[in-house]
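What follows is a single chain, given as structure tokens, in the form predicted on its own.
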């Protein structure tokens, strides 16, 4: 288990509200959560409990008309701690896709139908790792200059030196006036070819790591020409292009068949180990949680009600809602057991513990005051008055 000093992301007292015509929706009410380095943390709960809102709020993008009212999302990286929610827009754009990436539920919605798969992944690389690839292109140009001089082709050497000068100006300033002027001249516009070739090689390598057959061919395909599983692999390649510290996977296998689901889960697990990333995996499937997660947080109606290691939670679920989720898993020889009642309307959530209208153990205090998160064992936290 990771130590306290190994915490990558810390969410403190996160409150998110949705301002609608029906009223103010209390989407998240004081979320506290930690994600350790190189671990997979699962978030489970019924639809509408706030799992996806938590994920989007980590990168300061609550779904509209949501608004983050208060709280902190602390990212510990490079020996320093920054509060993502307090960063200006320019800094946030450097964090999103670079330090923290996200895989969305529906891959076809995450991909632009007007651009090829290769172009969309290359855009992420040039946005966050432009210096690396410009230097690589410059090194290749310098080798071309040397080869042209040896062959006695002075004109070709001059062309390559001109292109190299444009790349050097880009290293100093991404919005270089020289590069912008060159882009308007057909002859000089060809300087981009070397950079495009370097990017293509990197993207093809990424697609190969995603276990995509014929990655060179897939580079030039449009999203509609790929199956759902292939689209999801392309989205994962885009998310992992910059080797993020945290990968948020928001139910990435929901729209896929069972065989492809297993392949995607294996892929995420292998890539996490290869890149040393942490994973926040959002799902309502406890079977997936048991397969890939190290720890799990159970959410209900915008609040965390229990956090524990996966084995501990499956062996000793303490919160009545967690127990109800396990009871709802179909088993041979037993009928389907549903959780009585429905998820509350978060415009007017019930007072006290939000689960108490559906809880078989509820007493008077449960409807009066919300229970605080308490330690119920080694790395096992629960918010319930009657967990014992």
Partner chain sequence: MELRAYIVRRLLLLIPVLVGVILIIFALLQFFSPVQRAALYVRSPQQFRNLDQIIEKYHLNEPVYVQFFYWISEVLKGNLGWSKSVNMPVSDALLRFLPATLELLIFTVPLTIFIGIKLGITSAIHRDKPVDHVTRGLAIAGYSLPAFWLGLMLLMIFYGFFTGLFPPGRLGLDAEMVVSSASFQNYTYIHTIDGILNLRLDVVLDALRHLVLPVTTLTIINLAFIMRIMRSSMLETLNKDYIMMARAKGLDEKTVINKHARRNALIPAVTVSGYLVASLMAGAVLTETVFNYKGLGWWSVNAAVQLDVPAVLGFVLFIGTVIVITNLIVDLLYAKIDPRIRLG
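Please read these numbers as outputs of a predicted model, since none were measured by experiment. Numbering follows the first chain given and starts at 1.
Just so it is clear, the following notes concern the form predicted in complex with the partner chain, a form of the same protein that is not shown.
All of 56, 61 and 111 with a heavy atom within 4.5 Å of the partner chain in the predicted bound form | Yes, all three are in contact.
Please run the contact check for residue 175 against the partner chain in the predicted bound form: heavy atoms, 4.5 angstroms, yes or no?
-> Yes, residue 175 is a contact residue.
Is there any non-hydrogen atom of residue 124 lying within 4.5 Å of the partner chain in the predicted bound form?
-> Output for residue 124 is yes: heavy atoms within 4.5 Å of the partner chain.
Closest heavy atom of residue 104 to the partner chain in the predicted bound form, within 4.5 Å or not?
-> Yes, residue 104 is a contact residue.
4.5 angstroms heavy atom contact with the partner chain in the predicted bound form for residue 314 = It does not: once the partner chain is placed as it appears in the predicted bound form, residue 314 has no heavy atom within 4.5 Å of it.
Among the candidates 274, 225, 257, 83, the residue which, in the predicted bound form, approaches the partner chain to within 4.5 Å (heavy atoms) = Checking each option against the partner chain in the predicted bound form, the one that comes within 4.5 Å is 225.
Tell me, which of 215, 229, 71, 97 has a heavy atom within 4.5 angstroms of the partner chain in the predicted bound form?
-> The residue in contact is 97.
Just one of 258 to 266, 136 to 144, 232 to 240, 197 to 205 has heavy atoms within 4.5 Å of the partner chain in the predicted bound form; which?
-> Result of the contact check: 232 to 240.
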